[in-house]
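In structure tokens, the next block holds one chain alone, the form predicted on its own.
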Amino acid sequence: MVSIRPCQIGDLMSMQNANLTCLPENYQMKYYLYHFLTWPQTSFVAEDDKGNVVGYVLAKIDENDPKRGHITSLAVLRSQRKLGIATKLMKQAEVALLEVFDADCVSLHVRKSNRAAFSLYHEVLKFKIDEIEKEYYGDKEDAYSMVLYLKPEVEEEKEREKQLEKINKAAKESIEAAKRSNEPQPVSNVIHGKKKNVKKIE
């Protein structure tokens, strides 16, 4: 049986090992320590009945937006997959970001080629694609930037903003098109392939 608990400083080495085993995006130990010391409430580990760490989620608050959480890294050992562990880890991080930091939303990045992870985030956890970030990863692969709103009222406001932005964009394009259609057309000096002599007015 696997249980989810808050990360402790003694777990950092096991978390790094899981990261190196499971993911191409790796971090130095000082990065894990920085996360633990700065946001100790938002990272969790999955522990089996023998006390071994078999998965983790590393989460934080965006340094530029205190109302936005971010999932830095999520990993579950291959032998423990398809058991719902990743979902439980993510749900625990979401609850902590909302209850401890009152975050409005949580974001993450996922490789476009990682269909299994994308399916987890999009279909199970209900994250939505916010944008595609070109060459986000070190090997130049694109990333889906995804977001999950933790408060329904914030999601509704963001949807209204997006709709208004679309309306304003469409209106601007219509105005520009109307301006172009009303511009005077240049008179050609060539008629049926022959140059037209234009009399100069003194």
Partner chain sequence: MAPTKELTNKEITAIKNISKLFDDKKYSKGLKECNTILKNHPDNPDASCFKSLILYNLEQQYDARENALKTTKTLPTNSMAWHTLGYIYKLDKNYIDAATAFKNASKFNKESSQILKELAPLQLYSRDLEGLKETYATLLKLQPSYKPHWTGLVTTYHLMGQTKPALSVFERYLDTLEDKDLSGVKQTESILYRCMLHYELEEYDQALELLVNNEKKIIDKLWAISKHGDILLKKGDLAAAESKFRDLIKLNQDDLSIHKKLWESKNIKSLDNLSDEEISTLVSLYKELGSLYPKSLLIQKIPLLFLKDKQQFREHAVFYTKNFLSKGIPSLFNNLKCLYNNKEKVEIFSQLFLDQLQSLKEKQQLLGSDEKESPSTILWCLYYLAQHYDRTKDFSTSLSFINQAIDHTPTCLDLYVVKAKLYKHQGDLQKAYEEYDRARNLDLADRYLNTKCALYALRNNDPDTAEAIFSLIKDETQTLLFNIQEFQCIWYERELGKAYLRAGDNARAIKLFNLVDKNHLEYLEDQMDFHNHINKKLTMRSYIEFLRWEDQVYQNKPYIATGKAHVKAYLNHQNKPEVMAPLKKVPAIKKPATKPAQLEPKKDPNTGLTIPEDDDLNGKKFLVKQVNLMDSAQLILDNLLKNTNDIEIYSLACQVNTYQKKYLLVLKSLAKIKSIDENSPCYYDNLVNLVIKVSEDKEVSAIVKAAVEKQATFSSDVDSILVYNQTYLEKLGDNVTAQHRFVVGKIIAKLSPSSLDKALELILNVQGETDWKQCADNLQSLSLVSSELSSKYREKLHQQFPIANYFQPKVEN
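This structure is a prediction, so every number in the text was calculated from the model and none was measured. Numbering follows the first chain given and starts at 1.
One more form of this protein, predicted in complex with its partner chain, exists but is not displayed; see below.
Would its partner chain in the model of the complex be within 4.5 angstroms of a non-hydrogen atom of every residue among 13, 33 and 99? Answer is yes for this spot.
When its partner chain is placed as it is in the model of the complex, which of 48-56, 168-176, 142-150, 129-137 ends up with heavy atoms within 4.5 Å of it? It is the stretch 48-56.
Whether residue 66 contacts its partner chain in the model of the complex should be assessed with a 4.5 Å heavy atom distance threshold; does it? No - in the model of the complex, heavy atoms of residue 66 and its partner chain never come within 4.5 Å of each other.
Its partner chain contact at residue 92 in the model of the complex, heavy atom, 4.5 Å: Yes, residue 92 is a contact residue.
I'd like to check something about residue 80: if you look in the model of the complex, is any of its heavy atoms closer than or equal to 4.5 Å to a heavy atom of its partner chain? Flag for residue 80 set to yes.
So in the model of the complex, does residue 21 come within 4.5 Å of its partner chain, heavy atom to heavy atom? So residue 21 counts as contacting its partner chain.
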